[in-house]
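In the C-alpha cells that follow, a single protein chain appears in two forms: structure 1, then structure 2.
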Structure 1
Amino acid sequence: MPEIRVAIIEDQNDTRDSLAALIQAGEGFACPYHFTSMEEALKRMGGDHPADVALVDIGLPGMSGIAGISLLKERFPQLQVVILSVYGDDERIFQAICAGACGYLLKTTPPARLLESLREVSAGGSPMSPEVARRVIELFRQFRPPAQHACNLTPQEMRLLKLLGAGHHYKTASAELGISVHTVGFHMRRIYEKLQVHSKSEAVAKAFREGLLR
C-alpha cells in the first residue's frame, strides 16, 4: 500500500510537532509538510508531490483554515481536507463542510483515532468526532424539506446517501447495501450529477439542507 502523505497546517508549534511525530511514526504514513499558516501552505506545498490529506486548524494567523479550504481544493483537487480544531460550534462546522472539508475532528481526538481517521478519509470516508457528528445531525434537522421531492434520486441512491450521512464510508456502505465499492462509486457519480455537487461532503450537506435526509 502506498504511504498516505499528510500535510499539517497548524500555528501552535507544540501541537504541530506532536502531530508530525505521531503521523510520521504511524505505519503507512509520511508527513512531509508542516505549515504555520494557510498562506504558507498555498505557497510551499509541492505541486508535483502534494499531500493526500491535510489536517487544518481553523484559528490560523491571517487566512482562516475554513477560508483556505476552497483555495487548497482548487490548487490540489485530489487533496482531502480534515479540520482539526478546538471549535465544535454549529457555525464553524457548517462553514467547513460547505467549504469542502471531508472530515471534522476535535483536538481532543485520541492519537489512535486520529490515525484511523486519516486512513478513513484516504479511503473515501468522512471522519467526525462523535460530538461533531451529533451537532451535524441536529444542525441539518433544522432545515425544512422542499415542497417537492427533488433531484429524482433512486431508492438505492437515497439509501446510500443516508448511510453516508450517518457516518459510513464507501467500504462500510457497500457492505450494508450488499454491493461492491465500485458500484458505490458509480452511484456517487450519479448523485453528484443530480445534486450538482462535486464531493461527498457537499452531497450529504445538500441532501440535509433540502430535506432529503431527516
Structure 2
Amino acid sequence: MPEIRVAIIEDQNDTRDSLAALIQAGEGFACPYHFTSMEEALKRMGGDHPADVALVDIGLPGMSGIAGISLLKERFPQLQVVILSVYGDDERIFQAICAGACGYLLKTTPPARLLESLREVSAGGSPMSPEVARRVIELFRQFRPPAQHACNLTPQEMRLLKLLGAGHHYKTASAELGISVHTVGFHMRRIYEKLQVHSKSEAVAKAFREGLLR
C-alpha cells in the first residue's frame, strides 16, 4: 500500500508545523508540501507529482481557502481537498462543498481522528466532524423538502412546460409539438389552473420551485 501524500495549506506557523509533524510521524503518510497561502500552493506544488490530499485552512491571507479550492481542483483534478477550519457555519460549509471540498474537519479534531480522516478521504470517503455532518444533513434536507408531489400535469402539458422553460414562444412551441398556437394557448390555460398562476413566467417560476423543471 503506497503512502498517502498530504499537502498542508495553512498560514499559522505553529499549526502548520505541528500538523506536518503529526502527518510525517503517521504510519503510511508523507507530507511533501506545506504552504502558507493558496497562491503559493498553486505556484509551487509540483504539477508532475502533486499531493493526494490537501488539508486546507479557510482563513488564509490573500485568496481564501474556499476560493482556492476550485483553482486547486482545476489544476490537480485528482487532488482530494479537505477543509480544516475553526469555523463550522452553514455558509462556509456550503461554499466549501460546492467549490469541490470532499471533507470538512474542525480544528478541534483530535490528532488520531485527523489521521484516520486522511486515510478515509484517500479511500474515497468524506470525513466530516460530527457537527459539520449534522449541518450538511440539515442543509441537504432544505433543498428538496417536499419532493415533487403529484403534479397532475398531463404528458402534453409537461412537454409544453419544458419548452417554456427553454424559452419558447407559443408559436415556436406549437411547431415543436406539432400542434397549433391555439392549442398551445389552450394547454397553457390548463397549466395555469393546475399551478394556480396567471402568466407564462410565473408558471415557469413555479415549475422550477416545485421541481417540475430543472
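No experiment lies behind these values; they were computed from the predicted model shown. Reference numbering: structure 1, starting with residue 1. For the two forms, the rigid core is made up of the largest set of C-alpha atoms that agree within 1.5 Å on superposition.
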Only one of these is the form predicted alone, so let me know which.
1
Core superposition between structures 1 and 2, C-alpha change of residue 9 at least 2 Å:
no
Is the shift of residue 161 between structures 1 and 2 large enough to count as movement, that is, does its C-alpha move by 2 Å or more after the core is superposed?
yes
Core-aligned C-alpha movement of residue 69 between structures 1 and 2 reaching 2 Å
no
Superpose on the rigid core and then read off how far the CA of residue 200 has moved between structures 1 and 2, in Å.
36.0
